[in-house]
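Taking the form predicted on its own, here's one chain by itself in structure tokens.
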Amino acid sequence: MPAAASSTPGKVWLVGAGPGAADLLTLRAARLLAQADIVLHDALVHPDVLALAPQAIHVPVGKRGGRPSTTQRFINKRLVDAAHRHARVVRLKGGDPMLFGRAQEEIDALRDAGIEVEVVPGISAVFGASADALQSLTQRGLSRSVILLTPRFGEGESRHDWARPAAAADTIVLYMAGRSAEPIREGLLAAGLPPGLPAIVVENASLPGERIQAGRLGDLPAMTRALGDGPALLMLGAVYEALAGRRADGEAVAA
């Protein structure tokens, strides 16, 4: 039976679910999940993470590229409604809420409704992927700059020139890009990057099903062809030369 609406709204926590593995959650995130009345979660949050909130109502509100997804406006409304019915509301977001998670739209909607909101950071996918690959994003003499970006743009947004700032960085990390490898390759080549630039694709970072494909910028479409349904990052730069070289020598790279 649903909880009755309250004149005094509860509190909403925007919680980072990390890159995938449940034991990479922060202690604060795990505690809040164990105390939550309701959890509104992204599509790619791992079941082991949701299992940390067995007492809570679980509401999927995820977005998947190219698939039916919950609109952001509806998610905002669900959060406000949940806070009027429950004292402890967790909005569980993959990675870190403040990076490509549309957190600001949810924060603003909750504030406008007079609802208290707090953010609990999480480990972003890029750090889980780097840990799995055993390769630092920065490296003395090779990489002094890292750019995190997404080439995707939402409905109603104008197209943006993502390739030019990407080409200016030493290490490039592309989020939400696994299904767009061909236009990404063409965009980076047009921005002046060489086709031989080392690249890796990491799928399901930190999880048992994690896979790492290594190659070169020119190989990106072939590298992503076998991707499954898991979240994937494209990562490029001179720091990945050793991984790309092992792939060229025939050594297995996938974990």
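In this text, residue numbers run from 1 along the sequence as written. Given the structure is predicted, the values throughout are model-derived calculations rather than measurements.
Form predicted in complex with S-adenosyl-L-homocysteine: not shown, discussed below.
A.B. asks: I need to confirm a contact call. Of Leu220, Leu188, Val202, Leu33, which residue comes within 4.5 Å of S-adenosyl-L-homocysteine in the predicted bound form, counting heavy atoms only?
C.D. replies: It is Val202.
A.B. asks: The chain here is shown without S-adenosyl-L-homocysteine. Which stretch in 163-171, 139-147, 74-82, 120-128 comes within 4.5 angstroms of it in the predicted bound form, by heavy atom distance?
C.D. replies: So the stretch in question is 120-128.
A.B. asks: How about Met176: is it within 4.5 Å of S-adenosyl-L-homocysteine in the predicted bound form, going by heavy atoms?
C.D. replies: Met176: contacts S-adenosyl-L-homocysteine in the predicted bound form.
A.B. asks: Counting only non-hydrogen atoms and a 4.5 angstroms cut-off, does Glu106 reach S-adenosyl-L-homocysteine in the predicted bound form?
C.D. replies: No, Glu106 is distant from the partner.
A.B. asks: Please determine whether Leu233 contacts S-adenosyl-L-homocysteine in the predicted bound form, using a 4.5 Å cut-off between heavy atoms.
C.D. replies: Yes - in the predicted bound form, heavy atoms of Leu233 and S-adenosyl-L-homocysteine come within 4.5 Å of each other.
A.B. asks: Using 4.5 Å between non-hydrogen atoms, is Leu44 touching S-adenosyl-L-homocysteine in the predicted bound form?
C.D. replies: Leu44 belongs to the contact set for S-adenosyl-L-homocysteine.
A.B. asks: Could you pull out the residues of 86-103 that have any heavy atom within 4.5 Å of S-adenosyl-L-homocysteine in the predicted bound form?
C.D. replies: Gly94, Gly95, Asp96, Leu99, Phe100, in sequence order.
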